[in-house]
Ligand code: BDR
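Presented below, as structure tokens, is a lone chain in the form predicted on its own.
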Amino acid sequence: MAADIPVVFDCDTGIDDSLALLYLLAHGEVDLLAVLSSAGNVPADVVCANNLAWLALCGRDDVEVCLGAAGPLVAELMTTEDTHGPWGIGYAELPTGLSTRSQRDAADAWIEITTDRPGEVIGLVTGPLTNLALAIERDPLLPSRLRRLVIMGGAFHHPGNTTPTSEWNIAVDPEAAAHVFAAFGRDGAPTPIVCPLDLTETIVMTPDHLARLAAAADSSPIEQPGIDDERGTRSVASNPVVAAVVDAVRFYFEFHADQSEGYIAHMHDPFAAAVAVDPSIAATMSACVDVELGGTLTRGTTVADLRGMWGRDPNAAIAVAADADVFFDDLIERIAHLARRAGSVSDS
């Protein structure tokens, strides 16, 4: 099937960002134009190295990887190695790629790619919105050149995961998020689809999903991590992609267990990637979204006006419902196919 869905992926890789990247690489209809590296889960240079390493593991040194801003527009950078591991990819140990990062920075990549292909490009952001905000500052017409924008971020009727009311990607750089939301809903720009914690925390990966992935990829042995395993147990899977995914996600399982959420992992970013490819998988609700910048207790909180009280036009479509089982069936099938291809290349 021809690749006819051109995607620019801006991420702060990150365990779930990693699976989002694998999903995009695995999808036969996706033309991954560039991977842009945002400071967030780990510093931007580490994110960039992670992106290059995943691409190398999958035999995709042809994809451009750009380094983004070193920190937020205003705030000091927060990182979250306790959630994603010291290098952002859990226990996974990835090869060093032969390719190097692009000479252009992430903001310029946003501008130049959308200029070259106006009305065609789908933007996907699963990290802080710093790079996109900088790009819009340099080129205010950028939003009108996008075909679609999907943002993983925010929390509306759900507790935050960074402060009591704020979600990580927005909390890292609230000014960038506010700037991006303000740039949409006018001047012909498409309405961004926002995938908030309200929905993404229902997209729950379990050890059974990893066992299904190994089986579908013809990887052996079929490993199913468990809460009683020794911390830091490493995969012995025959397939290198499956082994890396198991090692990354095992760390994420352990983190969630330590937070009393169970031996599970929320797959925020792969779900947003699936929405970017096919928005019909999620029901949405139109709203005007803004970000609290001044609250002493609520800074970084996303607020949705669903009833027009602000007198402003809607600037977002908030994803509110989806079938998690259907999503995981798709994710597993596609990454298993990618793993089989990558495994056959590494064996040759």
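As the structure is a computational prediction, the values presented were derived from the model and not from experiment. Note that residue numbering follows the sequence shown and begins at 1.
Another form exists, predicted in complex with the named molecule; not displayed. Remarks below refer to it.
J.: Does residue 41 make contact with the named molecule in the predicted bound form, using a 4.5 Å heavy atom cut-off?
T.: Looking in the predicted bound form, residue contacts with the named molecule include residue 41, since a heavy atom lies within 4.5 Å.
J.: Would residue 84 count as touching the named molecule in the predicted bound form under a 4.5 Å heavy atom rule?
T.: Yes, residue 84 sits close enough to the named molecule in the predicted bound form that at least one of its heavy atoms falls within 4.5 Å.
J.: Is residue 268 close to the named molecule in the predicted bound form, meaning a heavy atom pair under 4.5 Å apart or at it?
T.: Within the cut-off, so yes.
J.: Closest heavy atom of residue 168 to the named molecule in the predicted bound form, within 4.5 Å or not?
T.: Contact with the named molecule, yes.
J.: Only one of these stretches, 8 to 16, 335 to 343, 320 to 328, 21 to 29, has heavy atoms within 4.5 Å of the named molecule in the predicted bound form; which one is it?
T.: Of the options given, it is 8 to 16.
J.: Only one of 121, 203, 193, 197 gets a heavy atom within 4.5 Å of the named molecule in the predicted bound form. Which one?
T.: In short, 197.
J.: Heavy atom within 4.5 Å of the named molecule in the predicted bound form: which of 219, 235, 161, 114?
T.: Exactly one residue meets the criterion: 161.
J.: Across 121 to 155, which residues bring a heavy atom to within 4.5 Å of the named molecule in the predicted bound form?
T.: Stretch hits, in order: 126, 152.
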